[in-house]
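The chain below stands alone and is given in structure tokens; this is the form predicted on its own.
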């Protein structure tokens, strides 16, 4: 397992200096990830003849490219689960982040090569690297703060700025590099910035001395391995029966859909079984109740990202084909609209966090569950503007870009209410020995939301953008409102996990 901070730390602007080390590490990791993600589908669908300065691509069809892209983006997040388990049981969060950064550098380095084997190998290494780094660096941020420290949520919001600053820089820079020097120079740049992140992390170890260290507790009779948990499944009729039902559904999915979905369902069945056994083995009702609330909060995570990730799919296509993008005689490239989300986050992250902190100090409702539910509702209202855009397009054959700007603004405010708060919420409610695993489950839920987003986006070809945008609006409002209605009983089940927060 990994330890958390138990001593005073040096501070900068009221936050531990270690936060800024993790901020920069994550920023460069996200630059490398989002930069490569922006290139991936375009590279795969570019002709093997290399008809422009970017050079030859793989020459795949759009369907082939999007299929691989969908699985890649999901696996990047799903691998956070084994990444968290490795940290919890073998090496600790600190080393997991270090090894993940190294593997990422290797992956991007391999992608510089033009051979087909290098493409698949590089993607595989990137998936493994992100799986090790992503959940554990977020857990380390939580470990910087003592229990009850009100600065925790604001610290996660600052950390979140690093994520989106990396995304913003990647969106603005990588495309220009590829245009001048070709696809593989873009992959190489992603590797260079990841190397910068690795150097920063190694340099900053002196500020992370008491965070994320692995402590072996093999002789602790209360410590139960994941293997023993699975073994105990056969002594638990209810959990075993539910697992068998899920396995049967996985087998059905294997034969009716495709083998990839079958493997995914089997993996999710294994994780679900593990979570059921963890719940059963928790040694107090307080921990059981908190664990249950945490699992229920993942429903909001999946719904949120299933709607939010339309930005990279359906909304992106809508921008390209249905939106008037001309501003002062210059047509704005579609990809630049993807920068709105990251830009808005950098502008509003600390503002939103400060508003919530002030509400908390005044005794007003500011629980994590309330923030997350309100975040879904606010993000959902962003689709109201997309409904207006679709209505305008049906009338005039085009729609104003102002609808997109407003939609991204509301999506961003909603994201700031949910995503960094959810990261912080996990570190508050999860038993320490399962902290990295549950952070991995959170990112897996994010990945599932991304997959849901793709499925919803595909439906637009049958039902039209107006129907899809309206449906998302209604669904998000229902889910967000439902969680607000059951807020009081859910808060009781957290047993005051957030009530003791104060300035320390």
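Numbering follows the first chain given and starts at 1. Just so you know, these numbers come straight off a predicted model, no measurement behind them.
Not pictured, yet referred to below: the form predicted in complex with glutamine (GLN).
Annotated contact segment (heavy atom within 4.5 Å of glutamine (GLN) in the predicted complex): 159-167, selected among 272-280, 159-167, 381-389, 236-244. Contact annotation: residue 411 falls outside 4.5 Å of glutamine (GLN) in the predicted complex, judged by heavy atom distances. Proximity of residue 201 to glutamine (GLN) in the predicted complex falls outside the 4.5 Å heavy atom cutoff. Taking the partner from elsewhere, residue 108 is found to have every heavy atom lying beyond 4.5 Å of glutamine (GLN) in the predicted complex. In the predicted complex, residue 43 stays away from glutamine (GLN), with no heavy atom inside 4.5 Å. Among 183, 77, 318, 344, the residue placing a heavy atom within 4.5 Å of glutamine (GLN) in the predicted complex is 77. Taking a 4.5 Å heavy atom cutoff to glutamine (GLN) in the predicted complex, the contact residue among 434, 356, 305, 403 is 305. Residues of 346-363 include none with a non-hydrogen atom no more than 4.5 angstroms from glutamine (GLN) in the predicted complex.
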